[in-house]
Every structure is written in C-alpha cells, then in structure tokens.
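Let's start with one chain on its own, the form predicted alone, as structure tokens.
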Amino acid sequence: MLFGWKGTTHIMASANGVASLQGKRPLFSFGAIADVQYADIPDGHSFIGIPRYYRHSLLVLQRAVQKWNNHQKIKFVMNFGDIVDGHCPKDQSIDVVKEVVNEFEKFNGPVYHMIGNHCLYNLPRDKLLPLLNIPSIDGRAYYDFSPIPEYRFVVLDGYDISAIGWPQDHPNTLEALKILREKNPNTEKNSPDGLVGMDRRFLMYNGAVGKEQLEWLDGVLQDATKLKQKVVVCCHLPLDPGFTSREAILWNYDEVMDVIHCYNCVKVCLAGHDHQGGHSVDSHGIHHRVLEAALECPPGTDAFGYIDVYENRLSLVGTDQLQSTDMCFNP
C-alpha cells in the first residue's frame, strides 16, 4: 500500500509540472495533524499489533504547535479528530480532553476540530463539542468557513449517524444500529470477520453522514459554486477507497461523493482515522489525502505538517512520518 501511495503522488506531481510552480507564494498556509489519541497510560498496540505511543503523542502535538508558531505564516490549524484515545480511563476523560485542547490553543491563531470515534468513546456529544469549540445546533458537528474569499473549507460530521456519542434512544443511534444489524452479522460489531470488499466498512467505530447533513452539504457546494470558491472537504473518516483500508471508510461515502461530484468546486478531501495514511485521486480528479497518525510515532519522531494553498494546488509539507504530497488540480 505504501508503494502504491508513493507512486500515485510521484505520478501526479510529475504530470502537473509542480517543479515549475515552486517559486510562487501560497495564498495562505494551515497546520494539519490527525489522531493524536493521547492518554496518560503505558504504550500499547492496535488490534493488529501496530505499536501505539499514548504519552508520546502529546509531545508530537507540542512540537507541532511550536513549529506552526515559528513558521509565523500559518493562518489556522486543522485537527482531524481523535484527540484522546479510547483506552483513556473514563474518569480522566474531561481533564485529558481539556489538556490536549489547551496544547492546541497555544497555537497563535484559530484551531478547527472535528470529532472522531475515540473522542466519542470518552465523552458524549453534549460535553465534547463545547470543549472542542465546535459550533453546534442539536449536537451536530458539521460546519464550514472561508479563510479567504477564494477558498471554503467544509468540515463533515462522519458520526452523524452513529452507535456512539448520541443518547442510546436517539434516532441517529437507532438508525446506526439498524444499519449494523443489516450489514454486519457478527455479534461483535467492530469485527469485519466474514465481510467482503467494501462491506468491511460496516463497523461500529465508523459512521455515516445523515440526510440533513447531505442536504446542507449540497447547499454549501451550490453557494461555493456561485461564489467561484474552491472547496476543501475535511472529515475524520476517509471518503475514497483508493488507497484506504476498507475498514476505515465512511459508511455512506458513495452518497457523499455523489453530492460532491455534482459540482466542480471540490478539489481536495482530507481525512484521518486510517493511521497508515494514503493518497488517491478519484475519477473526477479530486485528491483524497488521509493523514498519518501522530499516535503511531515512535519516541523522537513526528507526524504533523502544514499545507500551502495555491490557486491550482495544495502542497502538504510533512514532518517525519507525515509524507509530503503535492495535490494539483484544474483551477
């Protein structure tokens, strides 16, 4: 998968003549980090045995904030979800989330958060969203903003329809449980055993974008098209199966992409969740970049970066395990 990832990036970079554009100044730049998943517990492993460095991830974030501040031209920071790990002792959850948010707030500018599954393992939405300063009506966690008139960022709530985070009797919880019953016959709903191909995404730690959010997204993209804005879509859950694990995709990624593909304004989709990272370009020329996880950096290494935004490309400048990527598109 890593070979395919690098190959895709190299081909796109060459085909679009990135080298000839290096002299131009970006319109703006923003910081990016995903899956900090901090917890004050000893190191552990994922369910497939990949080492996880729960305490070190906070140091990765601290170094990221220091670098972003030293850069001096980072306009804002995007956190792609999972600010705290599911193994964090539940009686410490609020304090740990506050501790990590405090580290983010040492950045000299706005920080935009999105929710991930590990966030929701620790805190219900009504407690989590205020801590993350996510603008919310009725517990929803999707929003958009324009850092400059030419660009708009859309932050999706990938756990809108979810078996975690909402009250147990909430319609969104009940809808999610119905989907899991229909799509995943396993007793353990986080197990993909026996699921084939794209059906392997129907796991409890994933979720879906609800009908109202899809309608909202359509309206935002209509508006962006009228304003001739380029759009960057951000979501904790990846939206393209290109070089992403089937177990990490949004349940209704196809419905979301059907809306996005109705317009020409969306140029790049950014995500976290799939810790190994990846980059693909879909059939409509939209770049999908999944960021490598801060959590899986061995001590002394990092996974964060910043993205320079130009008229016709986004250029991710990565640190250590976060691979640098040029994403060129038709303006």
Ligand SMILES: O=P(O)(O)OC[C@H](O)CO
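The first residue of the shown sequence is 1; numbering continues from there. Owing to the predicted nature of the structure, the values given are computational and were not obtained by experimental measurement.
What comes next is about the form predicted together with the named molecule, which is not displayed.
Contact annotation for Asp274: at least one heavy atom lies within 4.5 Å of the named molecule in the predicted bound form. Contact between Asn79 and the named molecule in the predicted bound form is not found at the 4.5 Å heavy atom cutoff.
When the named molecule is considered in the predicted bound form, Asn117 lines it closely, a heavy atom lying within 4.5 Å. Heavy atoms of Tyr205 reach within 4.5 Å of the named molecule in the predicted bound form, making it an interface residue. Highlighted residues Gln37, Arg52 and Ala248: every one comes within 4.5 Å of the named molecule in the predicted bound form, counting any heavy atom.
Proximity to the named molecule in the predicted bound form, taken as heavy atoms within 4.5 Å, picks out 266 to 274 from the listed stretches 266 to 274, 24 to 32, 280 to 288, 56 to 64.
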